[in-house]
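Here we start with a single chain on its own, the form predicted on its own, put down as structure tokens.
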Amino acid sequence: MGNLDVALKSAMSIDGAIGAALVDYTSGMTLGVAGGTGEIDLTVAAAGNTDVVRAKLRTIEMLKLDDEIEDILITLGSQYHLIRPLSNRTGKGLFLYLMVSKSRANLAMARHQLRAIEESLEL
């Protein structure tokens, strides 16, 4: 669990970070959460995004694409939500979820840093 805590702390150090979570998209359960606000229940937001991941995976399968999701970006009026499915064998069925403020975040750097966190995460 220590590695997960380190990963979530690292995600929260990304410029503009509002909240981060590790989520099981097969069940919708969050395995760890950091940050968030009084107005945003990060656990609910993360669980809701399991439907986004599942829908995209089904679409890839229906199209018979020999490819995988690198990340999914959802752009809101004031926030970016990044979803990054874990690609290593031990992370199968999990994704990192990061919410950042559009006005304070550099999207390219946030994506790059989230990828680095994923690569260093051992479960």
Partner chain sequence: MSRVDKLPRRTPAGAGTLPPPRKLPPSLAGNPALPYPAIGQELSALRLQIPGVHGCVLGGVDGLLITHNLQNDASPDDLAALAATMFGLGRQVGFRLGQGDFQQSTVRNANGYLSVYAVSRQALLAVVGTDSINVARLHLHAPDTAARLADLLDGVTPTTS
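Residue numbers count along the first chain shown, from 1. Nothing here was measured: the structure is a model prediction, and the numbers come from that model.
If you look for the form predicted in complex with the partner chain, you will not find it shown, but the lines that follow are about it.
Asker: Going by a heavy atom distance of 4.5 Å, is Pro85 a contact of the partner chain in the predicted complex?
Answerer: Outside the cut-off, so no.
Asker: Please run the contact check for Arg54 against the partner chain in the predicted complex: heavy atoms, 4.5 angstroms, yes or no?
Answerer: Result yes; Arg54 sits at the interface with the partner chain in the predicted complex.
Asker: With a 4.5 Å heavy atom cut-off, would you call Thr75 a contact of the partner chain in the predicted complex?
Answerer: Contact with the partner chain, no.
Asker: Check whether Gly28 has any heavy atom within 4.5 Å of a heavy atom of the partner chain in the predicted complex, and answer yes or no.
Answerer: So Gly28 counts as contacting the partner chain.
Asker: To test your reading of this chain, name the stretch in 44-52, 86-94, 31-39, 62-70 whose heavy atoms come within 4.5 Å of the partner chain in the predicted complex.
Answerer: Single hit among the candidates: 44-52.
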